[in-house]
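Read the single chain below, which is given as C-alpha cells and is the form predicted alone.
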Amino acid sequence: MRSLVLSLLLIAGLPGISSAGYREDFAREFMSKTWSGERIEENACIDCHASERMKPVFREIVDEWRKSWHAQNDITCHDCHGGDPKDPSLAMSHQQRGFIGVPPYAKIPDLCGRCHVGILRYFNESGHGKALRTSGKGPHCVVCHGSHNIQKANIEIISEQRCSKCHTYGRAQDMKQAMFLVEKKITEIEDGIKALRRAGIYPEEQEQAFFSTQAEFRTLFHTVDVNLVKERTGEYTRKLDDIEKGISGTFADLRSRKNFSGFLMLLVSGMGVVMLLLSKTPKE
C-alpha cells in the first residue's frame, strides 16, 4: 500500500502530465486494474503489439503467435528477441536487456539454434546451411517453418508448394517418402499416449522415451540427406516399436483392471442377492 501511495504522489508531482492522452492511458492501464489480490503477469511486448494504436501488420504478429506451437509451450517474444516483457521502458533495450528485434536474414539459424542446438549443427552441415553461408540467400528455419505462426513439426512441412520455391520437388519428395514409415508410427504413438491420458494414466517413461526418439529423428532430417535418413529408418523404427509395446502393455493392464473390477462388482452383487434371498427364507 505504501508503494502505491508513493507512486500516486510521484505521478501527481510530475509536470506536464495533465494531457487528455495521458489521462486516458492512466485510466485504462492503471485505474482499471485491481489493487489487491493475485496479480496477472503482463507482457509489455504483447500488450503493445495487440493494441489498437499498432499497425494491423504488427497486430497480426500476436494473432499468429497465439496459434503457434511456441505459444502452447510458453515461448514468448523475449525468448527469441530479448528485451524485458515486464518493463515497457526496457522492452526494446538492446544494451540493458539484449533486445535484437528482427535478426539479419543469414543470422536466423543462429537465433533459433540457441534452443534447437542439435538441429542447428545438422543444418549447418546440410546443403541448405551451406547455401545460406555461401550466398546469404539459402533457405533457413523461417522459410520452412514460418516465423511467428510456427506449428508443431510434422512431415507435411515437406510440400511441393514450399520446396519448389527454391528447387524441384523430386529430391524433397524422396525425403518425405524416406520419413513416411517412421512419421506414421510417431503419429500412432502420439494417439496412444493421448488415449491413455484421457483414461487418467500418464505413461511418463514411454513419453520421455518417445520425446527423445522423435526429437532425434526430426533433428536428423535437417541434414537433408535422403540416404542417411533411409539408413537410420530401421534404427528409429525399432526404438518406436519398443515404446509402442510399452503403451500396448499399459492398455492391456488397463483392460485387465477394468475386467477385474467388473468381476468384483458382479461377485458383490451376486452375494448381495444371495444374502437377500437367505434373509427372506422362512425359519422353521
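Computed from a prediction, not measured in an experiment: that's the story for all the values here. The first residue of the sequence shown is number 1, and the count goes up from there.
This next part talks about the form predicted together with heme C, which is not shown.
Trainee: Of 194, 114, 184, 133, which one comes within 4.5 Å of heme C in the predicted bound form, counting heavy atoms only?
Mentor: Here the answer is residue option 114.
Trainee: From the list 209, 106, 142, 201, which entry has a heavy atom within 4.5 Å of heme C in the predicted bound form?
Mentor: That would be 142.
Trainee: Residue 58 near heme C in the predicted bound form, any heavy atom under 4.5 Å?
Mentor: It does: once heme C is placed as it appears in the predicted bound form, residue 58 has a heavy atom within 4.5 Å of it.
Trainee: Within 4.5 Å, heavy atoms only: does residue 255 come near heme C in the predicted bound form?
Mentor: Contact check for residue 255: no, nothing within 4.5 Å of heme C in the predicted bound form.
Trainee: Find out whether any non-hydrogen atom of residue 44 is located within 4.5 angstroms of heme C in the predicted bound form, and reply yes or no.
Mentor: Within the cut-off, so yes.
Trainee: Do residue 251 and heme C share at least one heavy atom pair within 4.5 Å in the predicted bound form?
Mentor: Although heme C is absent here, residue 251 would stay clear of it in the predicted bound form, with no heavy atoms inside 4.5 Å.
Trainee: Go through 114 to 140 residue by residue and record those having a heavy atom within 4.5 Å of heme C in the predicted bound form; state none if no residue qualifies.
Mentor: The stretch 114 to 140, when checked against heme C in the predicted bound form, contributes 114, 115, 116, 119, 120, 123, 127, 128, 131, 137, 138, 139, 140 at the 4.5 Å heavy-atom cut-off.
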